[in-house]
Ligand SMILES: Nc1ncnc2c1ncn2[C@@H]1O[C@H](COP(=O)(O)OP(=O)(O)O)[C@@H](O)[C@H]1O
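First comes one chain, alone, set out as structure tokens in the form predicted alone.
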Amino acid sequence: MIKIRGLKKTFQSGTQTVGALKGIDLEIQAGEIFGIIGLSGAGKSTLIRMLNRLEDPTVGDVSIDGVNLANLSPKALREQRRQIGMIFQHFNLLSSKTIFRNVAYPLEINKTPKAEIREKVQKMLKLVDLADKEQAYPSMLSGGQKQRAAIARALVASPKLLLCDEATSALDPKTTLDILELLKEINRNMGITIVLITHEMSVIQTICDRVAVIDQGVIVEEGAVKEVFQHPKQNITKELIEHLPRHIYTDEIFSGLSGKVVRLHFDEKSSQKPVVAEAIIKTGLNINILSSEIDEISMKGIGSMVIEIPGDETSQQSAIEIFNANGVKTEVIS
């Protein structure tokens, strides 16, 4: 879907020429979730802004579905951008407009009929679980709700491509997980290609199919997330993953298991409850704890645990429902 060839971008800083991108070659397939990760100043924000020509390249080409963005007239570029949604770290909502009007804004600009606008906006607000917030203003919403509204706005014109510029960096860990799960659902159910940039490897491992590591304007490593995490080749990649728990980026612990493997995500409240013991007692299942990473942050336990739940599908689901009822977020791994 996306082909990037020989992409370079330089900026002038006084008398100095600064190279932000130094020859990027990359292909992103339709329907995948592709992550671009790097430290601050690596060039990732510049790169993603070139995918909708918010930045023009100094040298090189960006093609989407065979269309070279550099060859488009202003009118043709506006048409192309209707196929590209974008969400940002700080939401970029209009404070003077209701959530309904914020989501409707791209359609209003395109002079979409009012009845169609209402239908599409209400559909998007329902999708992001904000159906009851359409008359609220951004100041009345939490950070996670603001990002959900921004996602609805990005999707309301039915784009083929969604760009995420550090979309979870301003959110707390639990809200980050919720937003990433929403993006996975959107990708799965709507088939939208998602390209996201981040400096957090945990975001990449949660959501992405493939990843490219950018360092000082150069792609230094690229591949399937599992392969890059298990066999990092470059020092910058090793640096980015060195603080992740080992179970996050390897599935060696899953080999030979016959039960359902589930990751449990705890917050400060649920980490204080004996939820695994409760599930064992109520279901009679011999739940196997594979790994646990519960950290004390400001005297509060926050983290995750990977478990194996044996038994049939009904019994496994009963255990999962017990975890959910206790405020534990569950993620089925295999």
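Note that this is a predicted model, so its numbers are computed, not measured. Numbering starts at 1 and follows the sequence shown.
One more form of this protein should be noted, the form predicted together with the named molecule, which is absent from this view; the next part is about it.
Just to confirm the contact call: exactly one of 42-50, 277-285, 261-269, 62-70 touches the named molecule in the predicted bound form at a 4.5 Å heavy atom cutoff, so which is it?
Heavy atoms within 4.5 Å of the named molecule in the predicted bound form occur in 42-50.
Evaluate Thr314 for contact with the named molecule in the predicted bound form, applying a 4.5 angstroms cut-off between non-hydrogen atoms, and reply yes or no.
Contact check for Thr314: no, nothing within 4.5 Å of the named molecule in the predicted bound form.
In the predicted bound form, is there a heavy atom of the named molecule that lies within 4.5 Å of any heavy atom of Ala20, even though the partner is absent here?
Contact with the named molecule, yes.
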